[in-house]
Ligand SMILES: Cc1cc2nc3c(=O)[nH]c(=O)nc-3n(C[C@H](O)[C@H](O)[C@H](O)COP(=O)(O)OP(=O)(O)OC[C@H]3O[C@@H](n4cnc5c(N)ncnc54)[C@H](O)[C@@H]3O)c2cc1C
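Quick setup: one chain, the form predicted on its own, written in structure tokens, and binding and motion questions come after.
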């Protein structure tokens, strides 16, 4: 049996492993951490009787058909719950609901003309069939043409500034197009209200179910193991170099972020490393998680259009998740996407906590110290891959020039947004391509000559 080694035990690596095993391919998964899940892992609060919650927030939309199909397949259907949620905007020191067409029509920063043009923008996004045309257009140019300067100044620029850490001149229109299409799919067709879903135990339930199935199907999962290098001879993968030895392999899939994946390539794969490095810029994230004794906002997501507040948004996930699963605590996430040189990326945890609390108290002056039961700071260097204007062709392919070597990560999902649905859909596609590639590699020479 062909054996494929997958480096990375996040959701991408696990779905790849699961699907390859179902296709009759042997799988070994290697994860450097002592737990699976990556960004979808959990965090524990010993000081709160070991309350355990998602390290970061992850949405499941009612339109995520592939993800929900996998949840059903793994026997977790009864653990998935749909809830009507709300969205709001924070503008000039006030919160405004944006959960219905009536809320939209009442939003104070926009004139009646602006509101009409914003609606036109949303409808135009849903009518786009060829996203490659948008890939050549700066996002602000596209939004201004459709929605006018009012919507750009009051809505889009503040949101883009928060998402891309102030610099978005080189961002193509595909970013907003993907976001609008995805988020408008959450509306219940009969009520026009937003619906989202959650697993009772968080995404870790999906991670654990995948791990169980991988083991049941004969796959191996190795935790706490650091891969030193991919071994290559005669332009073909031969194995993996571990800290304590070498394992032979028929193929290697790197699900790591591109800059990290490149570090594992030997000099024999220099051409592949150069090809992958053509598009390897990522935004990082710093995120403060507050475990609270009371609710902070009535929304799942509070978008921020106030330039004086650095958060990408305020997300209270317990306006979606039933609090019986969080020991009755409220969970509030304060994310900030950052470039490597951002002042927020450079701050230590205590300084960041003080800064973020200062901004939060500005937004919510009635916030008291005893409202907060615990705080954690999360930070990741590589989270959101950046795709500059006109660089689609720079996205590395799944199969490398080195036979048996594959890159499968979120930088290749473009133009879709990075989310659970997109990752799982892409993992299925990648598994099929890996199988086809291995069949070509293993085809006898005589068969190739005859063909």
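Residue numbers count along the first chain shown, from 1. None of these values were measured; they are calculated from a predicted model.
The protein also exists as the form predicted together with the ligand; that form is not presented, and the subsequent description refers to it.
Enquirer: When the ligand is placed as it is in the model of the complex, which of 256-264, 321-329, 118-126, 91-99 ends up with heavy atoms within 4.5 Å of it?
Expert: Partner-contacting stretch among the options: 256-264.
Enquirer: Given that the ligand is not shown alongside this chain, does residue 12 nevertheless sit within 4.5 Å of it in the model of the complex, heavy atom to heavy atom?
Expert: Yes.
Enquirer: Does at least one non-hydrogen atom of residue 198 fall within 4.5 angstroms of the ligand in the model of the complex?
Expert: Because no heavy atom of residue 198 falls inside 4.5 Å of the ligand in the model of the complex, the answer is no.
Enquirer: According to a 4.5 angstroms non-hydrogen atom cut-off, is residue 285 in contact with the ligand in the model of the complex?
Expert: Result yes; residue 285 sits at the interface with the ligand in the model of the complex.
Enquirer: Should residue 226 be counted as a contact of the ligand in the model of the complex, where contact means heavy atoms within 4.5 Å?
Expert: Contact with the ligand, yes.
Enquirer: Report the residue, out of 68, 398, 386, 423, that has at least one non-hydrogen atom within 4.5 angstroms of the ligand in the model of the complex.
Expert: Flagged contact: 423.
Enquirer: Which residues in 25-41 have a heavy atom within 4.5 Å of the ligand in the model of the complex?
Expert: The stretch 25-41, when checked against the ligand in the model of the complex, contributes 30, 31, 32, 33, 37, 38, 39, 40 at the 4.5 Å heavy-atom cut-off.
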